[in-house]
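Below you will find one chain, with nothing else, as structure tokens; this is the form predicted alone, and questions on how it binds or moves follow later.
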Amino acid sequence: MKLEDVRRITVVGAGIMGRGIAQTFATAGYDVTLNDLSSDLLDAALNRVKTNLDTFTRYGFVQAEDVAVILARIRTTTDLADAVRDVDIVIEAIAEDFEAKRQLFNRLDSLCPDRTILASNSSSLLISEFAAETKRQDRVILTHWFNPPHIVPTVEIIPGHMTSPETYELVYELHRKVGKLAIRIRKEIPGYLVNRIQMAMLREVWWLWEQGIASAEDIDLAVKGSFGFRLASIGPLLTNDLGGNDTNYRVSRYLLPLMTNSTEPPEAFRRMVEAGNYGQKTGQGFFVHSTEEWNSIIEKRDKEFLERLKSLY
């Protein structure tokens, strides 16, 4: 299959990631089927996509008259067999659960046409493991999007051990075609590239918070106004070059032995999660807000991201 042969895409899972992925492909002109377990979930997803598109029109990413056309490209169904009957690419966007993904990929393998590429939006698991029982090892691949997926540019493209070069290249070019900053990951590794970098930072951030070095508010403010400010324009390795690798080497010799190297999340973070304080999902985490306040935070975030997207990409 060639890039020009890709016409129909199915997204399985209509949550935050799935609906944003569906929106992106529909905006780029593809016919998209969105599948989930209930009509209520699918209706909520379409309503969110409509809201997202209305926001896009205010920033000039979409013309107002195109919103209805884009929405019309998204078909919804709770029937998985119907969703993948004549599809070119399936993108799985369900929960980060190994067994659930294994079972889904086995079902997709039996339901999809032979030509169909099976992609996963997993954020840490390996496609070579949870898709190991499929009979199309050359046509399985990871495409790791970032929240909010309809705005954040980067998508990591990660091949499995047996993914063919043709599949790898087609999926890479497809994501570039729909306007994404596709990143080639050369080797399959748990967590891939971005999440490993992010987790290394979070390990130290969680420790600093637990030790009372600074409040959650000041930790976030410090990051936003320092290397977070820089990283939107220049990456960490170019930052090293510009600041001087000799200086960074000397700082690393001093600081690295003093930083946490724990292989477990800190105790205070574990207690927060076990108490059911998941953040925006439950209303309380590092920060406490009402539903209206969380919605306002997300709206402000998306507006700032869109301004940055327009400026940088």
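Note that this is a predicted model, so its numbers are computed, not measured. Each residue number is its position in the shown sequence, starting from 1.
The protein also exists as the form predicted together with a small molecule; that form is not presented, and the subsequent description refers to it.
Chemist: Want to guess which of 33 to 41, 66 to 74, 51 to 59, 270 to 278 is within 4.5 Å of the small molecule in the predicted bound form, heavy atoms only?
Modeler: Result for this chain: 33 to 41.
Chemist: Of E96, D241, E99, D218, which residue is found within 4.5 angstroms of the small molecule in the predicted bound form when only non-hydrogen atoms are counted?
Modeler: Selected option: E96.
Chemist: Select from the listed residues S164, S123, S128, T154 the one whose heavy atoms reach within 4.5 Å of the small molecule in the predicted bound form.
Modeler: Among S164, S123, S128, T154, a heavy atom within 4.5 Å of the small molecule in the predicted bound form occurs only for S123.
Chemist: Taking heavy atoms only, is H144 within 4.5 angstroms of the small molecule in the predicted bound form?
Modeler: Although the small molecule is absent here, H144 would touch it in the predicted bound form, with heavy atoms inside 4.5 Å.
Chemist: Determine whether any heavy atom of I16 comes within 4.5 Å of a heavy atom of the small molecule in the predicted bound form, and answer yes or no.
Modeler: Output for I16 is yes: heavy atoms within 4.5 Å of the small molecule.
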